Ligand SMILES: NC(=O)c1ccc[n+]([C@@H]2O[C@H](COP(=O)([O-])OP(=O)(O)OC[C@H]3O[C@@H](n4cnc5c(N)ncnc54)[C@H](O)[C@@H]3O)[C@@H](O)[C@H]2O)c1
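In the form predicted on its own, a lone chain appears below as structure tokens.
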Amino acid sequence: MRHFDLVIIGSGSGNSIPDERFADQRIAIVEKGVFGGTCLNVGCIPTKMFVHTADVASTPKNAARFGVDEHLDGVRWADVRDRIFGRIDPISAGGLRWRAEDNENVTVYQGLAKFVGPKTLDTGTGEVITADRFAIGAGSRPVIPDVVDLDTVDYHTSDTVMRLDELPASMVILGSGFVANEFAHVFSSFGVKVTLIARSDLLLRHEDREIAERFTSIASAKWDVRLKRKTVRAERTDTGVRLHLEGPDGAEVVEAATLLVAVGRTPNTDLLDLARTGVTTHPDGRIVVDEHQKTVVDGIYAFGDISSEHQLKHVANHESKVVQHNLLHPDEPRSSDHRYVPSAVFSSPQIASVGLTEEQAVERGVRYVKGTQAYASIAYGWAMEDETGFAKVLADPATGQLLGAHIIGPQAPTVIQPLIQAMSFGLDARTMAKGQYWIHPAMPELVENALLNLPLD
């Protein structure tokens, strides 16, 4: 068996760990799928390229209110798809080629990794290897729900739906989280009739409730949104798929040409036979790690979706940098900082959040005050004719320290960034609002006014 100084499982954020400081180490990278991981190939990057294209396609429907007459002639799906993957696929292939051919100290194995003993790994290529240290960043995959006969119909997940051969006339999306709602925006903007099936009473139920309620109201006016539905059976039809549902009013069915399953993601821990090397997992499957990203086994680290409760690329990148440092400096370890992890939903409208929701503050007994500001009440909001977007900030009434921030509306993931910065560096709300210039009439005035609306002494 070949022995390595370091084995990295997964080529997403883990691929950034080996740099020139590892040049004297023998390193193996094991990847079961397409090189580059979820974000590059089937996640953040291609989906946002589709989202921006959808934003372009959806502008004509709102143009008349500005005195501009526009119409959409059509969407060339093949051109949209091929523009996006024509850029991404070469990056993936180039990354693999660079690691496999141009890094003399790195060996790439393209196979499904499984532990077969303590720090002993079957690479899935017919070769078993050992190593002193492991960095596990094997990611997650789409959850397939337990629906009767689902396996008898053709369905897509986020891994496959972006490479459809042609646009369907209709699509039913099973799910109510950020993946489901981003794809609902994409395909509806391209002219597809979208039906969204949710088990809960709200879309995006993990967001602050006021935000989720506003989004659900807006979405329900655009798409066929079915709330509080349980999907009990799937059925193939001559034209696509039929789902049998149970809802508040009893049994019902929905039909569409294409089915997208987007009910969540699960960590790939069950594929690795972790027990054979002693690594432990949480009940939900995530690998147990400490603040240094170390597992219970000395020399084995984990990061990203496979261990983190935050299935976000920026979290995986942060954690992989912590692992990188701790591999290089085991006697001076760094800790991951998960205090203020922001997230965003790139649907329409966009959503961004950081820190506590109002419901979490109440549940935890945290004292807070809140301030809100509507896009419609700032000058740039007038320019955009936005009537639904708003920002909400929560703060400690005694200190003014920000506890949470939530925005729904145009460019929310960008507009929220000053609030993330303030929370991360301990800047209180009053100092932030009054201690700097805010460009007028730019969108960040939304943040300024929300802060000024906090009832602080």
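Nothing here was measured: the structure is a model prediction, and the numbers come from that model. Heads up: residue numbers just count along the shown sequence, starting at 1.
Omitted from view is the form predicted in complex with this ligand, to which the following refers.
In summary, the binding site of this form is open: after superposition of the surrounding C-alphas, this ligand from its pose in the predicted complex has no atom within 2.4 Å of backbone or C-beta atoms. L312 belongs to the set of residues with a heavy atom inside 4.5 Å of this ligand in the predicted complex. The closest heavy atom approach of R265 to this ligand in the predicted complex falls within 4.5 Å. G175 belongs to the set of residues with a heavy atom inside 4.5 Å of this ligand in the predicted complex. Put simply, P145 is close to this ligand in the predicted complex: some heavy atom of it is within 4.5 Å. Not one of K61, V192 and W223 is positioned with any heavy atom within 4.5 Å of this ligand in the predicted complex. In summary, among the residues A344, L327, V106, L356, the only one with a non-hydrogen atom within 4.5 Å of this ligand in the predicted complex is A344. Note on contacts: among A212, V80, A256, I197, the single residue with a heavy atom within 4.5 Å of this ligand in the predicted complex is I197. Residues placing heavy atoms within 4.5 Å of this ligand in the predicted complex fall in a single listed stretch, namely 176 to 184, out of 176 to 184, 125 to 133, 98 to 106, 68 to 76.
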